[in-house]
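To begin, one chain is listed below as C-alpha cells, in the form predicted alone.
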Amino acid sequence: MKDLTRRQFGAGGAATAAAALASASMPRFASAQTHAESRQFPQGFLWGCATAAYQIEGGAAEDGRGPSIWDTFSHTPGMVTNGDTGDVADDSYHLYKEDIRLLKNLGVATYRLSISWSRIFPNGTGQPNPKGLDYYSRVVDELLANNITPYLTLFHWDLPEALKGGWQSRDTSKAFAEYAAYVTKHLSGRVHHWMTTNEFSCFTDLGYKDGTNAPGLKLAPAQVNQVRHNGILAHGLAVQAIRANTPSGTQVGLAENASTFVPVIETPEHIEAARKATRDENAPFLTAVMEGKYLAKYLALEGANAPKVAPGDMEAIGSKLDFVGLNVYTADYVKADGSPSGYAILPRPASYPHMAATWINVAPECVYWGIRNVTDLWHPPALYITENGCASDDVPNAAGQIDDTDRLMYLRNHIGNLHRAAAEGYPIKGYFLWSLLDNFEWIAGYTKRFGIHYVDFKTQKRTPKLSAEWYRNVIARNAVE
C-alpha cells in the first residue's frame, strides 16, 4: 500500500464522554484551552480498555469454575514471583460493577475482556456450567446499560486443566471450537465483536518451549511446532464455529502480539526490510493465519520438525477475518542488508531505555509500523490496537495520588504514532489501553503494575492514577496533544 496523503479529520467520536467528566472522581484538566496543535482522530474512533479473566476476576473456585493451567502453575512453588496466584486478583468477579463505573468515568466506548473457559466448561468440554455463563451475561448487561460495547476474547491463556495433553493435542483445538460455538450462540444477541485467541506465542512458545508460562514445559522442536499448529488451528476452527452460530454481521478477529519491526531509517530499502521481517518472523502465527498457508522458507527451515498438517487445517486457519487486533508494546529495529532474507534485526544496546517491565523497550513507532506493516502485507478490512501500555513503579504520594509520569510519556508517544496511522488512512478503528486495573501480571505476580487505576490488593480499593485523568481527556477530545 503506497503512502496516503495526510488529511485532517473532523472532531467527534467521543463527545458523549464529556457528560461523564462532571461526576467522575478524578480531577479535571483545564477545559478552556485552545488545542491548536491537537491531533484529532477520525469521528467514531473507538477508545477502550482491556483486561483478562485470570488476571482480574478471582473467584477461582466459585460457582462451579474448574481449575485452569494457570491455577496449577501459579500454585507450583517457584513459578510466580512471591508465590502469587490469581485466586483473588482484583476480585472483579464480585466487583465488576465498580470496575464498569471506572470505565464509564473514563468515557470509553468499548471494553475488551476475556472469558474463563473453565468457568463455562469446568472440564474443558462436555457439560456446560450455567452459573459461569450467567456471570458473563450479567457483565455484558451491565456494560450495555452503561453504553459500553463489549469486545469479548474467548481465550486469554487460562486453558482448562482437565483437557488431557493441553495444546499438544488436536482434541484441544476441537474442544475450543465447541466452547466458542456455545458461548457465542448464547451471547451473540448482545455481543457482536469476538476475538478467538490472545497472543499465540505466549501460550505456545512460553508455555511449551521456554517453560516460563503455564504449563511450564520444555518440549522438543517438533513438539513445539505441533503445539503452535494446534493453537492456530483452534483459532481457525473457532472462527468457523462463530460464523455458524451467530447472526450475519457478527465481527470476528483475534488479538495477536505479532513481532513488530521498525525501519531504522524511513527510506524505501529499510521500509521494505521491515515489511519482509514482519512476514518472515511471524511465519508460524499471524502470517499463516492471514495467508492460509505456511511459508515455504519456514517449512524448509524447520525441516523434519515442521508441523504435521491434516487435510482442511489450513483452510480453517486461513478463515476470513473481519478485523485484526494487534497487541503492541515494543519493537525491534531493522535495516536492509545483502543477506538472503534481505534484512537484519539490530541488537538492542545495553543503554537502550526501557520501562519498569524491562521487556518493554521504548519504541513508540511500534504502533504506527505494526499497523502499517500488517496493512501493507495483508490488507485486513479493519485493525484495532487491542493492547498497548506499560508497567510503572507506581508509588502513592503522601496524598494517596499516583503521578505516573513515565506512563504518560509512554502513552502520549504511542498514541501520537497511532494518530499518524489514522491520519495516513490505515484502517485503524480503535484502541484498547492495557490495562484498566493493576492486576495479576502472570509470572511477575503483583510486582508489575500495568493499570491506569491503582489497586490496593489487600483492600481492593481502586484509585485513578494521573494516567487515567490523561486518558479520559484524550477520549473526551478524541485527540492527543
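The numbering used is simple: start at 1 and walk along the sequence shown. Keep in mind it's a predicted model, so treat the numbers as computed, not measured.
Beyond what is shown, the protein has a form predicted together with ligand NOJ; the following relates to that form.
Visitor: Of the options 343, 329, 167, 136, which one has a non-hydrogen atom that comes within 4.5 Å of ligand NOJ in the predicted complex?
Guide: Looking at 343, 329, 167, 136 one by one, just 329 meets the 4.5 Å heavy-atom criterion.
Visitor: Can you pick out, from 387, 158, 99, 394, the residue that has a heavy atom within 4.5 Å of ligand NOJ in the predicted complex?
Guide: Contact check passes for 387.
Visitor: Only one of 292 to 300, 196 to 204, 99 to 107, 405 to 413 gets a heavy atom within 4.5 Å of ligand NOJ in the predicted complex; which is it?
Guide: Looking at the other structure, the answer is 196 to 204.
Visitor: Taking 4.5 angstroms as the cut-off for heavy atoms, does residue 450 touch ligand NOJ in the predicted complex?
Guide: Answer yes; at least one heavy atom of residue 450 falls within 4.5 Å of ligand NOJ in the predicted complex.
Visitor: Given that the partner is absent here, does residue 55 sit within 4.5 Å of ligand NOJ in the predicted complex, heavy atoms only?
Guide: Output for residue 55 is yes: heavy atoms within 4.5 Å of ligand NOJ.
Visitor: If we define contact as a non-hydrogen atom of the residue within 4.5 angstroms of the partner, is residue 441 a contact of ligand NOJ in the predicted complex?
Guide: So residue 441 counts as contacting ligand NOJ.
Visitor: According to a 4.5 angstroms non-hydrogen atom cut-off, is residue 45 in contact with ligand NOJ in the predicted complex?
Guide: No, residue 45 sits far enough from ligand NOJ in the predicted complex that none of its heavy atoms falls within 4.5 Å.
Visitor: Within 4.5 Å of ligand NOJ in the predicted complex, counting any non-hydrogen atom, which residues from 73 to 98 show up?
Guide: Sequence-ordered list is empty.
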